[in-house]
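Presented as structure tokens, the chain that follows is alone, the form predicted alone.
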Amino acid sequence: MDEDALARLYKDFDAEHMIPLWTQTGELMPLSPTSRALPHVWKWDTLLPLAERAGELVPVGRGGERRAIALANPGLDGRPYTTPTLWSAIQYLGPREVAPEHRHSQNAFRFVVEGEGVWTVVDGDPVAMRRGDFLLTPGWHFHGHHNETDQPMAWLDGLDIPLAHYTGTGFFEFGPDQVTDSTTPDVSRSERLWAYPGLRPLSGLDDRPSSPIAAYRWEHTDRALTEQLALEDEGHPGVTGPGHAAVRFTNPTTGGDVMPTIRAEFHRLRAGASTAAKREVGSAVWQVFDGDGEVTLGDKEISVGRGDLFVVPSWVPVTVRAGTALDLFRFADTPIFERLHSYREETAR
């Protein structure tokens, strides 16, 4: 081989912004997924005090727009991303504060691990936020928040910001400085129309890309998980594994995921129960809602408790073991890869 000629060839490739595949195969075509994201845990008892300090120092109005603090994966070079496709953050709203309205093409949700007294207003529909509630703000819907109490409140935000940024598909638009409806109903209009098990209004027979239900209430999630474990006690099918109840939040117009890019689930483990080790294409973020236990991420074992968040990168095996009874919220980018026909999973037997 003429080493000088080869060196000149590579130099000419560089000059023309060309890269030969044979020098990149190991990185571009690995034998299995090798995400740059790393397994990591964020502890709630560290996150919340930091959010409180931000509440004292950082205004929430127009300009700053939201007091949301992203959970940045240590493997993603300082980007404010939890995984290459998912963004998660702690959002903090102080007493009597209003976060102004805006909309964006990125899909978003909120999950409340503690507190109440805030309403999120989605396209003019006020939606109460309470502990255990899972709330949607699909892409391009105006939304703002207002706190009607003398106490602050923090919650988990999840969005597909990294995906929109990478693909160059993001749009953003400011709305009013104040929310368009500051009333405080117990139940939103979207719930009054859509949130009845197995029933679909004849006024809404068109399929929608995202669920029209603004809030999936904790009392329904809790009841569904409780009944799964009760069926197991009675010897009937229903749980996803021994001592492991789980539900998926769905779009009632399609039966599919709540939003095109995000899957959301809730899991409950009896004390001492464990999930089978599983790995899958795509990434996921979990938050402990209640209880404590151990999580194994690859060869890394972590103790987790109420409010703690952990990230599972693509193809990293995860096992969850409950110490006490353990409740966990989970969201993932699985719908993206299912639509691309590139999803794969593997569960230990």
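These numbers come from a predicted model, not from an experiment. Residue numbers here begin at 1 and follow the sequence given.
Missing here is the form predicted in complex with another copy of the chain; even so, the following discussion is about that form.
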If contact means any heavy atom within 4.5 Å, which of 145-153, 207-215, 269-277, 112-120 contacts another copy of the chain in the predicted complex? 207-215
Could you spot which one of 319, 303, 32, 324 gets a heavy atom to within 4.5 Å of another copy of the chain in the predicted complex? 32
Taking another copy of the chain in the predicted complex as the reference, which of 175, 132, 243, 252 has a non-hydrogen atom within 4.5 Å? 252
Can you tell me whether residue 65 touches another copy of the chain? I mean in the predicted complex, with a 4.5 angstroms heavy atom cut-off. yes
Just checking whether residue 96 would be counted as a contact of another copy of the chain in the predicted complex - the rule being heavy atoms within 4.5 angstroms. no
Residue 6: touches another copy of the chain in the predicted complex, heavy atom cutoff 4.5 angstroms: yes
Taking 4.5 angstroms as the cut-off for heavy atoms, does residue 169 touch another copy of the chain in the predicted complex? yes
Any residue of 187-204 that, in the predicted complex, places a heavy atom within 4.5 Å of another copy of the chain: 189, 192, 193, 195, 196, 197, 198, 199, 200, 201, 202, 203
